[in-house]
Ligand SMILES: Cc1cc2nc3c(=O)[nH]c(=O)nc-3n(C[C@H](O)[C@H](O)[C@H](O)COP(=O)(O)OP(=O)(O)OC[C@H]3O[C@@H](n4cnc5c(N)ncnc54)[C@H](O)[C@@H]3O)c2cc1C
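Have a look below at one chain only, the form predicted alone, in structure tokens format.
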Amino acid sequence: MDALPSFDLVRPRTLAELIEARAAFPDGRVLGGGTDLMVNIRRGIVAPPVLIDINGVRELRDIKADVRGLEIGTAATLAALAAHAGVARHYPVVAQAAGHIAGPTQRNMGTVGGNLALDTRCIFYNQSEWWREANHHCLKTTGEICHVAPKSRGVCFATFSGDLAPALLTLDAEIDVAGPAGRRTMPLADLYIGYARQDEPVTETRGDGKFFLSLRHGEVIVAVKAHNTPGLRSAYDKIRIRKSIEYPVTGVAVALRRDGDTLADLRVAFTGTNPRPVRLSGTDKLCGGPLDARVFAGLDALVRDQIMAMKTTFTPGHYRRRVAGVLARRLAQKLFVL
């Protein structure tokens, strides 16, 4: 890694000061734990002139979790989230996802907001400057071609790898967003627009691996919220090449509800496979009966249809998609018999 370039550091103490800083420095970047951003700066991927440190905004660090609902501030650390008794008891999928992220050092520094807005990456993008120079720049940096899919017609296929998003998607989570135009609430699913389709142009609502978030200019995620669903069982697991400090080959969150011997509700979401976290559509059609071979076959079909098999990591894309299906089946079976 190269030495850090020069930059200014702004430290707001209130949410109002944070919004003012975002407006005053449009090219600045929000800094929480910096576990991803500082690495990208050292690698020459980004060079923001200003970093806006949000750790001094106390209201962004709160975590509230009980039988009624969940609310997490964007500056709360991943370690605090994983260790929170209320989260572990009522929303285990979230605590498990937080505990699976990188290693203890990264979890002590990394923040919820940083993981939700984690930069997409692939084996051609997430490299040092000299590596990219030697292999030609990709579409996500200063190049004109996506090396993952050279015939993609200008569409970037870098993948999203954050662990918290799929866990929260199974809970129908919402986020509070604040910016110069005020504060608004929207479904967490609407934050992610990285569809990366070769037959569609990149727009403000249908992006790719380069344009994967729907945040408006100057906006920042303030908090993420979810209501409790009685009887919902949930869990998270992932496969990675190394046990820690490694992005997932795939990560899977499953939440289900059982009514006697009947599967009453099934929610499955993935990370590390597409330019956005994917909550499978169509799982409702698998409910209404026992958790049997029909459900597993249907789940496999949904995974094949909605999970990409692009080679964005050092593992084959088809292997990653197969692992995604296997993990989903295992978690569903485990939760059903609890």
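Predicted, not measured: the structure shown is a model, and the values here were computed from it. The first residue of the shown sequence is 1; numbering continues from there.
The same protein also exists as the form predicted together with this ligand; that form is not shown, yet it is the one meant from here on.
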Candidate spot 69, 90 and 174, all three in 4.5 Å heavy atom range of this ligand in the predicted complex? no
Proximity to this ligand in the predicted complex, single hit among 295, 31, 280, 45 (heavy atom within 4.5 Å): 31
Heavy atom within 4.5 Å of this ligand in the predicted complex - residue from 82, 256, 220, 202: 220
So in the predicted complex, does any heavy atom of residue 195 sit within 4.5 Å of this ligand? no
Any of the heavy atoms of residue 35 lying within 4.5 Å of this ligand in the predicted complex? yes
How about residue 169 - does it come within 4.5 Å of this ligand in the predicted complex, if we only consider non-hydrogen atoms? no
Indicate whether this ligand has at least one heavy atom within 4.5 Å of a heavy atom of residue 250 in the predicted complex. no
Which one, 82 to 90, 262 to 270, 225 to 233, 115 to 123, holds residues whose non-hydrogen atoms are within 4.5 Å of this ligand in the predicted complex? 115 to 123
What are the residues of 41 to 61, in order along the chain, with a heavy atom within 4.5 Å of this ligand in the predicted complex? 54
